[in-house]
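First comes one chain, alone, set out as structure tokens in the form predicted on its own.
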Amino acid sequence: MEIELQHIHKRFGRVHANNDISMKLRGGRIIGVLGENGAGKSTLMKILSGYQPADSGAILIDGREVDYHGPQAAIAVGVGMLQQDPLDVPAFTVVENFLYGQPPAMTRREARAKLAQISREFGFELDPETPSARLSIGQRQQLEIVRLLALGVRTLILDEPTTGISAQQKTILFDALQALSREQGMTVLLVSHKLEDVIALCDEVVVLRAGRLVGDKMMPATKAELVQLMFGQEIAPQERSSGHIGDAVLELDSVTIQDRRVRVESLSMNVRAGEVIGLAGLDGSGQEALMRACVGLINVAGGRVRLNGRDLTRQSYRDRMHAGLAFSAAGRLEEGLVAGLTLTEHMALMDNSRAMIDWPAARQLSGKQIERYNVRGRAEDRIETLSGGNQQRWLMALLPEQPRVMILEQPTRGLDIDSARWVWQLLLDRRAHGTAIIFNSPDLDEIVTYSDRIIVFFAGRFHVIEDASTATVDALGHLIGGNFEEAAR
């Protein structure tokens, strides 16, 4: 299957998201689609997959122009897209999500058999009767891939598929993509900011910058070469930095946490002012449960949580926010932001000081934060129209300026190298003024670079590295696999 894009244009108000883009995509290859945040990558892929119409231009498949409206029409001609946030229905079971969009004549028994067959072929483990809400991000991606394959797609588009999944899930995903490309002749388009993933997986790359196609390159290529293509210049490696660490601000005293996936028992630690603590582990190992227990989204089964000596163990999420905790969720549109609301409306929601909304003040503050956080969007734009990276920037813009403790799930999720570094500079500025930071990330380099202490989780167990400067990515990898005994020797 060969796809050709001819002179694609797409505007959102004043933003020319795609500006005269033409390219040919050959079958049987894995093609990386690179560019900084807001470069137009996701917009182009949504046009190709029917989620958005182009303002002008043409799409040719095997030499024939197609004019489809909507993702179902795109799937009918063989093009399907896995969104950065999979579009499953949380209340449906796995098999019910699989059935969604399949031919009406397909029975539930036939769907279970087809689901099992494709899952087995690619090493996916999907229980057909498990509600989608209980799946990890990696499993939700697997479910969507299986569903698209059952619908007969021949070109598979993946938008930031390794964001928020474990190393083990990434290996399974990569093996599946290579089998689809090399054994079944499918075209795979990989939109990613993780250059190490592109280097490991792709046969070639195309690069967008400010809405234009600025380059393409056959692989292999070095990380430095790809960065040069994306930004027009090299970016120096980030060096470790340290700040002044003060007294304890957040105390966990023999805390036990039980959620639906894991149990963490008797964890005690003091989080000190100006300290950065990185949490590492496979998805569902306990790090997410710890963070949510700290902010009151999960009740602790035992022990005490204190902030500046005040017992918050039975306090609500809202009370903890007022006390000086700040939380940012990894699921941007699921938990952190509200689809359908504008940037200004999000800003108004954050103002608890008035009974009535001061709209002029909210618009003025939105404009200030848009400029400060370099968000490519306008105050009146709905949040879902922004790119994933710009949604992440707006999440950061909504956080309090100087909380006592910031608890951040994947704070650089979906950000390019330069943007991720810029976000960390903002966080480290807050650390310099005494804010403690607890964060998790699937990027072990990020954890090693920015942490003062590291806590590694495996199936509810945990291992503390008191001095993160002694840690290496390789050593963390062994610990994440549960090899705590060797580390203790």
Partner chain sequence: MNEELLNILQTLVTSSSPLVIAALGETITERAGVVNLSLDGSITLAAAVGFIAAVGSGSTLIGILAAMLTGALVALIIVVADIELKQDQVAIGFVLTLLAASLAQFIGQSYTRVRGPELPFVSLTFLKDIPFLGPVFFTDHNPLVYVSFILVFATWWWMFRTRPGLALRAVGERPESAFARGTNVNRLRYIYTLVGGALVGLAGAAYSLSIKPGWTNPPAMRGDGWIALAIVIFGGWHPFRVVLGAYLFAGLRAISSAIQRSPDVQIPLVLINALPWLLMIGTLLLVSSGAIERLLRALPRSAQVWTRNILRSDPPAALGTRFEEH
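Residue numbers count along the first chain shown, from 1. No experiment lies behind these values; they were computed from the predicted model shown.
From this point on, the text means the form predicted together with its partner chain, which you will not see here.
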property: Residue stretch of 95-103, 371-379, 181-189, 117-125 approaching its partner chain in the model of the complex, non-hydrogen atom distance within 4.5 Å; result: 95-103
property: Its partner chain contact in the model of the complex: P90, any heavy atom under 4.5 Å; result: yes
property: Distance check, Y51 to its partner chain in the model of the complex, heavy atom within 4.5 Å; result: yes
property: In the model of the complex, Q258 touching its partner chain (heavy atom, 4.5 Å); result: yes
property: Partner contact for K194 in the model of the complex: its partner chain, 4.5 angstroms, heavy atom; result: no
property: Selected contact from R304, R108, K170, K217, since only one has a non-hydrogen atom within 4.5 angstroms of its partner chain in the model of the complex; result: R108
property: Heavy atom within 4.5 Å of its partner chain in the model of the complex - residue from R310, R272, R209, R263; result: R263
property: Its partner chain in the model of the complex - contacting residues of 59-81, heavy atom within 4.5 Å; result: G70, P71, Q72, I75
property: A459 and A133, C-alpha gap in the model of the complex relative to this structure (3 Å or more); result: closer
property: Q83 and L444, C-alpha gap in the model of the complex relative to this structure (3 Å or more); result: closer
